[in-house]
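Single chain ahead, written as C-alpha cells, the form predicted alone.
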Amino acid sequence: MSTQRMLLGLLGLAVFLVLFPIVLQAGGGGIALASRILVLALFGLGVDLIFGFAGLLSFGQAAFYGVGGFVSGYLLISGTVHSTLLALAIGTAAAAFAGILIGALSMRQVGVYLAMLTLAFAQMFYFLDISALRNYTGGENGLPGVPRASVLGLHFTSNHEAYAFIAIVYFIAFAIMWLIVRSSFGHVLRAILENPERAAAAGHDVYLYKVVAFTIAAAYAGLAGGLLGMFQGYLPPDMFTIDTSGQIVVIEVIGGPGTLVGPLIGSIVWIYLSQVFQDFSAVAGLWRLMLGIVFVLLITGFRSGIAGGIILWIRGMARRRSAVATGGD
C-alpha cells in the first residue's frame, strides 16, 4: 500500500510539473518564473529534511547554495569540465563536503545557538566569495556566462527546455527525498525531533544522524545552486547572503515543515506573489510590505504551514467520518 501510495504521489507530481508552467502562464507568471520556483523548491527540500523532520533550524543554508552554484558554474565557464551532469555532481559534492565540515562543528548546538552559528559560517563563506576567492567567483560582480544545460546531445537552451531539465532534476530529487524520509533513517530523525534524549536512550547516535541530515540538506542546496546558474547564465554573490538563508526558511514555514510538498507550495506563494506585487503598479512601491502582510496572515491562519494545514484538515475529516461510521454500527 505504501509503495502504491508513493507511485500515485509521484505520478501526481509528474502531472503537476507538466501542467504547472501552463497554469502559471495563464496567471501571468511565465515559464522563467516556474523555473525559479522549482529551483527554490529543490533548495527547500533539504531545509525540510533538517527543519521539518529533525527540528534543526539553520540560517546558513545559503553557504551551500552558493558553493554548489559557484563550483559547478566555474567548472563549466573555465572549461575544466564540459559535462553538465559532471559539473552539477562536483558542485553538489563540494556543497555536501562543506555541509560535513559545518555540520560536524555545529550539530552539538540547538535552537537559537545553532541558528546563529550556521549564520556565522554563511557570512564567512560570503566574505570568502567577495574577497579571497574573487578571482574565481567574480567577487561583488558575480559570475556571468554560465552555459545552459546540455545532456546526452540534448541542449536545454530555451526557457521551456531549461524548465524541462530543472523539472526532471526536481522530480528525481523529490523521489529520493521521499525514500529518505520514509526509511529507518527518516524515522530516527522524527524521533530526534520529538525527543532527542529518548532517541539517544534507544541507542541512536543523535549527533551522527544530525550531521548526516545536515550534509544531505547541503547537497540539495548545492544542486539547486548549480541549476540556478545554468538557468540564469549568471551567479550573483547574494546567493551567500543572510537574505537568501532567511528567504528559504520563510518559504519552508509558509509551505509546511515536514511535508515535502511544503517547500514547493511555499515557493509558489512567495515567488509568485513577489512578482505579482511588483508588477501591479498600485502597490509596486510597497511590494515588500504587502508580502509581509500576506506572510503574517498565512502564519497566523496556518500554524503548520499551508500543506500542514491541509493535511490536518483531511485527517480531521477522516476521523470524523470514522467516528460517524463507528457510531452507526
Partner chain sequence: MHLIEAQALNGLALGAILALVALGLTIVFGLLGFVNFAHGALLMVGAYAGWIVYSQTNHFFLAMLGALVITFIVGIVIERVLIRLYYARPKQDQILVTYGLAIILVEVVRAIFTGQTRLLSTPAWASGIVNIAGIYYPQYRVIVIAIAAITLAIIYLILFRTRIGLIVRAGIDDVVIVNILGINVKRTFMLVFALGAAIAGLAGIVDGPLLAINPDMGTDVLVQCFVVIVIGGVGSFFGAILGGIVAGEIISLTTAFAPDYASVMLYVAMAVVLIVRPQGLLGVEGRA
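Positions refer to the first chain, counted from 1. Note that the structure is predicted; figures quoted are calculated from it, not measured.
Below, we turn to the form predicted together with its partner chain, even though it does not appear here.
Peer 1: Would G55 count as a contact of its partner chain in the predicted complex, using a 4.5 angstroms cut-off between non-hydrogen atoms?
Peer 2: Looking in the predicted complex, residue contacts with its partner chain include G55, since a heavy atom lies within 4.5 Å.
Peer 1: Taking its partner chain as it sits in the predicted complex, is A26 near enough to touch it, meaning that at least one heavy atom pair lies within 4.5 angstroms?
Peer 2: A26 lies outside the contact set for its partner chain.
Peer 1: F121 versus its partner chain, in the predicted complex: is there a non-hydrogen atom within 4.5 Å?
Peer 2: It does: once its partner chain is placed as it appears in the predicted complex, F121 has a heavy atom within 4.5 Å of it.
Peer 1: Using a 4.5 angstroms cut-off on non-hydrogen atoms, would F295 count as touching its partner chain in the predicted complex?
Peer 2: Flag for F295 set to yes.
Peer 1: Want to guess which of 285 to 293, 29 to 37, 260 to 268, 63 to 71 is within 4.5 Å of its partner chain in the predicted complex, heavy atoms only?
Peer 2: The contacting stretch is 285 to 293.
Peer 1: Each of G111, A132 and V250 near its partner chain in the predicted complex, meaning some heavy atom within 4.5 Å?
Peer 2: Yes, the whole trio is in contact, each within 4.5 Å by some heavy atom.
Peer 1: Looking at A93, A191, I242, A200, which has any heavy atom no more than 4.5 Å from its partner chain in the predicted complex?
Peer 2: Contact check passes for I242.
Peer 1: L85, A164, L117, V181: which sits within 4.5 Å of its partner chain in the predicted complex by any heavy atom?
Peer 2: By the 4.5 Å heavy-atom cutoff, the listed residue in contact is L117.
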